[in-house]
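Here we start with a single chain on its own, the form predicted alone, put down as structure tokens.
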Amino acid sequence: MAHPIQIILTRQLAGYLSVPTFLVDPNGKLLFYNEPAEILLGRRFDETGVMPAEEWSTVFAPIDAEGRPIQPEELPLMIALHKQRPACQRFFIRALNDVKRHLEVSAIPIHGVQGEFLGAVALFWELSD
């Protein structure tokens, strides 16, 4: 399936960024995450590949500062998808290599020139405790 040019260009840009970047389509399907994200997430994108929102939103076991699980719909990327607005949050994940990471995540929706919703992108970085 061909993706809109905005998604193709966002993926290309993510490949050049040193900021960990995660890209999803309008249904929340993971399309790509870049090499800096691979380090934080504990697995190369080539190994995980495309995955539905139901999988990526829970596989990293996001928890808040008190250790309570964060519901998928409360994650910044899911807010950008479902409410089509920017969102930012700090939380912890258990990476796929079993390393606990403290992250700050900012997500924004991606709209086309005609206003059509095309997906969302999240930029994140690890916080030092």
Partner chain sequence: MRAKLYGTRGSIPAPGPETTRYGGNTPAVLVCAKNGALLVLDAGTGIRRLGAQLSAATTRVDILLTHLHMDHIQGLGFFPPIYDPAIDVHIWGPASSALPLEARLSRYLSPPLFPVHLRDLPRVTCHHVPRSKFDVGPFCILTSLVSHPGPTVGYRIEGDGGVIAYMSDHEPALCLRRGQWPGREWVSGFDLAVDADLLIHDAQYTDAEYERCVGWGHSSYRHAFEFAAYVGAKELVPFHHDPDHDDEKLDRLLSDEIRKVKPGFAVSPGCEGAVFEVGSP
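The structure displayed is predicted, hence computed values, not measured ones. Numbering follows the first chain given and starts at 1.
The same protein also has a form predicted in complex with the partner chain, omitted here; what follows describes it.
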Is there a heavy atom of residue 18 no more than 4.5 Å from a heavy atom of the partner chain in the model of the complex? no
Taking the shortest heavy atom distance, is residue 23 within 4.5 Å of the partner chain in the model of the complex? yes
Is residue 35 close enough to touch the partner chain in the model of the complex, meaning at least one heavy atom pair within 4.5 Å? yes
Within 4.5 Å, heavy atoms only: does residue 122 come near the partner chain in the model of the complex? no
Thinking of 53, 58 and 78 as the candidate spot, does the partner chain come within 4.5 Å of a heavy atom on all of them in the model of the complex? no
Output the sequence-ordered list of residues from 4-36 with at least one heavy atom within 4.5 Å of the partner chain in the model of the complex. 5, 6, 7, 8, 9, 11, 12, 23, 31, 35
